[in-house]
Every structure is written in structure tokens, then in C-alpha cells.
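Encoded as C-alpha cells, the following chain is the form predicted on its own, with no partner shown.
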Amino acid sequence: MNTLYSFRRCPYAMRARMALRYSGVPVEIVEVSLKAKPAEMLAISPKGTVPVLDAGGRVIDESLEIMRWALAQNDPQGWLLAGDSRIAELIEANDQGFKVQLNRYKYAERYPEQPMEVYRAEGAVYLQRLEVLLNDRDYLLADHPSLADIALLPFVRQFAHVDREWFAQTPYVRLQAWLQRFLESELFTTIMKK
């Protein structure tokens, strides 16, 4: 049996759980208390961050690697888009840039160098990029979800939830609809159950 060490609200763990669920890979999910990490998890991944997948003795402790591993097992709707290079570009921009802006916006009190609105405006540049991608379709890169949609979803969700009123009033109506569609999806609601 595959075992995933996870934390329900961690965006990296969310995207790993969604890919595993979608691919139909059987997995036992162990909810980790970040204050009391299980010895079994630390034994296989000493860095101590989630998610960590023990796939029959193969340890994968990066969310994107877990996602790609799951999709290599089964990708019924073609989330990998035949290796479309735009997937990697979008995810890198999210993980290397937007995630930093999200943290500064969400935890602005830890970054007193700038007002929260400055950090929000920096992150909104990325949101605008996503809005443009949704101009003529419901998903970022295709007419169906892709690895990029699922990898970015938890982070856009966090950004939107920092100030829901602000997000609801932005001109990013396509992105709002994209986010809502995923938040109401069976895939997302299932992986978020306690």
C-alpha cells in the first residue's frame, strides 16, 4: 500500500492528494500534526515537510514529483497535455514567484517593509496572467484541467481567501469562476474532507 503523509491545509499536500485521487492510485493518507511529526515519516524523509509519499518503498517528498508519479500511473483525462512546456513555466512562476508574494500578503505583519496592499498588488500581476489564459476557455491551457490547473489551484485559493471581499471585487471574473468550479468539484471536496 502507498502511504501519503499529508497536512490537510498545506497547498503542496492538496495538489499531491488531488493528483493521487484523480489517477486512482490507492493510497493511505496519514494526517500529520506539524508539531508532532510521525517518526515513520521522519525516518524516510528527514527534512520533515509534507507531502511525503512512500510508494512501495520509493520515497517521493516533493509535491510536483508526487503529482507526476501519480499521472505516470494513470492520466485518464490527459492532464500532462503531452508534455506541453507551458505547464512547467506556469508552475515555476507560481512556486518561485507567486508563492513568495502570497506569503508576504498573507503574513504581511511579518514583512513590515511594505504595506499589505503592495504585496497584494505584486501577487495580482500573476492573477492577471492567469485571467488572460482563461480568456477563451474554462481551464488554463486546454479545454479540460491540466497539471498546471491542479498545481496552481491551492495557491490561488489561499490568495483569494486572504481577503475574500477584495478578490470578489477584482476584474478577474474568469479566474473567480475557475476557482469556484474547482472548489465545488468532487475532486477538491473529497480531498479536503477531515
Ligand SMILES: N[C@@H](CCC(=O)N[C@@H](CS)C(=O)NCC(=O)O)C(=O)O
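All values derive from a computational prediction rather than experimental measurement. Start at 1 with the first residue shown and count on from there.
In what follows, reference is made to the form predicted in complex with this ligand, a form of this protein that is not presented.
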Interface stretch in the predicted complex with this ligand - options 125 to 133, 160 to 168, 138 to 146, 32 to 40, non-hydrogen atom within 4.5 Å: 32 to 40
Counting only non-hydrogen atoms and a 4.5 angstroms cut-off, does Thr49 reach this ligand in the predicted complex? yes
Would Tyr172 show up as a contact with this ligand in the predicted complex if we use heavy atoms at 4.5 Å? no
Any non-hydrogen atom of Cys10 within 4.5 angstroms of this ligand in the predicted complex: yes
Can you check whether Arg17 is within 4.5 Å of this ligand in the predicted complex, heavy atom basis? no
